[in-house]
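Read on for two forms of one protein chain; each stands alone as structure tokens, with the labels structure 1 and structure 2.
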Structure 1
């Protein structure tokens, strides 16, 4: 296995920036988000995010607004996107990518924008080296380090990074930059495994207060039509922040509008918490009540998505927990759904 020192990693990013749009973690207030590396002034070190960024990766590959089609049809196909390189992806981010691949790529309909963006993006992922209070990947059966879907994976070790290639593209990149690499010290792989296990244990311990035993599909499905959803949604203000922050949420609205001599079709992020999300012509609205929409959100993530696509559409990244101004914690909801806890009043700690 190879090791790359921090300054050499920054050089690698700067070299990539000549031919790629390079996205790296950047501070925005007290949070880290994805920002474009300025090729004219590359940083001396790539900022390291100990856990997932505040922003989900879908904002890069499945942007909030995108032109999907034009009318009349343009004669020439759209130009391929400029290649991208993405630093800062974590295990939960890549789990989310695998969810969206199932929806947007791996069946009879293929989303051209998603497929092109996925193919043209080099993913430099990294192990988590810490956990937010909201992190619960282990509850979802995952681990706080990338396991697949990366081109390169970085594991911090003694002032540098162990670097592992996950694809041929990653192998080629390493082979082309042998001058930036050195042999990993003896025992590095074992120390990486120990660090990974120690962090996984920490995340598990941090979530012991939300004991769950049953499969989530069972806990959620057994409450179809029960009153518990009203209790869980008591402090929901329908702001949609959980949907926007969620790395797997992908509901969208096709918005058509005149453009120049013709027309354009945009895809905009949408939210299943909007009262009008499922409204039909003539005004009939399925899921008119918030409690029905709240249930639908959980049903989609934990029942319908596994039935349709084979995996749970929750990665345990905890962004929804962080984003919720009603302090609704998905872990707590899942725990309550399993134990059928129904409060007699709104919890006192919500002010």
Structure 2
């Protein structure tokens, strides 16, 4: 296993910026967000985000307002974008990428923009070294460190980072920058494992008030016909912040705009909390009431998505908890869905 010192990591990012658009964590007030590294600037320390960034990775690979088509068609195709290098991805974000891969890549109807962005982006992930009050990855059966879908993974250690390659592309990058690396000190892997387990235990302890016994699919599905959704959605103001901040939400709508002498078709992010979401011809909508849309949000993430794609569409990143104007905590909702069960609320089956 190799180690890279913090100054050497800054040099690696600066060298990548010659051929890539490099995105690194940058301060925005009291938060860290993804920002483009200035290739003309001298190498500077890469800010370390102790937990996931404020914005999800979909903002880079599945951006809102992306132009999908133009009329009339341009005489020459646009130049392909430069490859990207992304620093600061955490385990929960990479698990979200796995969810979106199932929808946008891993079947016959592939989204070309998503696939191209995925293939041309070098992902430098990192272990979490802290946890926000809203983090609950362990409730989702996961751990606060990356396990796959990264090219390189950094683990802080004694003024530098242990470096693990997760792909052939990552191995080639390390081989091409061997002068920046050194052998890891003895016992480094063991200390990394201890730090990872200590943080996982901290996250578990922070969520002890939301004990999980049943699978979330079972907890949500059993309330298909109960009245609990009105109580859970009581403070929801339909601001859509949870969907926008969510790393796995991917609903979109198409919007046509005049563009020069022609027109352009844009893809905009949509939200299942919009009253017009899923509206059909004639103005009909299958979920007119907020409580129905609130229930659909949970049903999609914890019931239908696992049944259709094999994974839960929630990674426990906690962004929705921080973003909600109504102070709705998804952990509390899931706990209430599990522990409350009133058979009298379930409509009787009709023979």
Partner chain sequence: MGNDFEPLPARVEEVVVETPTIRTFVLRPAAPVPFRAGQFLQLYVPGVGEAPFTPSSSPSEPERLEITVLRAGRVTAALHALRAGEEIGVRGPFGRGYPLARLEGREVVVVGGGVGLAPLRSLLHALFERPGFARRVSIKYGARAPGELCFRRQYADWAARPGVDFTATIDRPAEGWTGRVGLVTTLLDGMDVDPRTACALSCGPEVMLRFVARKLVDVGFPAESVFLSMNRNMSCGMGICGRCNVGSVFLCRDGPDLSYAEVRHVPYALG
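Just so it is clear, the structure is predicted and the values come from calculations on it, not from any experiment. By rigid core we mean the largest C-alpha set that fits within 1.5 Å across both forms. Positions refer to the first chain, counted from 1.
Here the chain appears twice, and structure 1 is the form predicted together with the partner chain. In this overlay on the rigid core, residue 227 has a C-alpha that sits less than 2 Å away from its partner position between the two structures.
Superposition on the rigid core between the two structures places the CA atom of residue 70 2 Å or more away from its counterpart. Relative to the superposed rigid core, residue 198 undergoes a CA displacement smaller than 2 Å between the two structures. Here the rigid core is superposed, and residue 81 then shows its C-alpha moved by 2.4 angstrom between the two structures.
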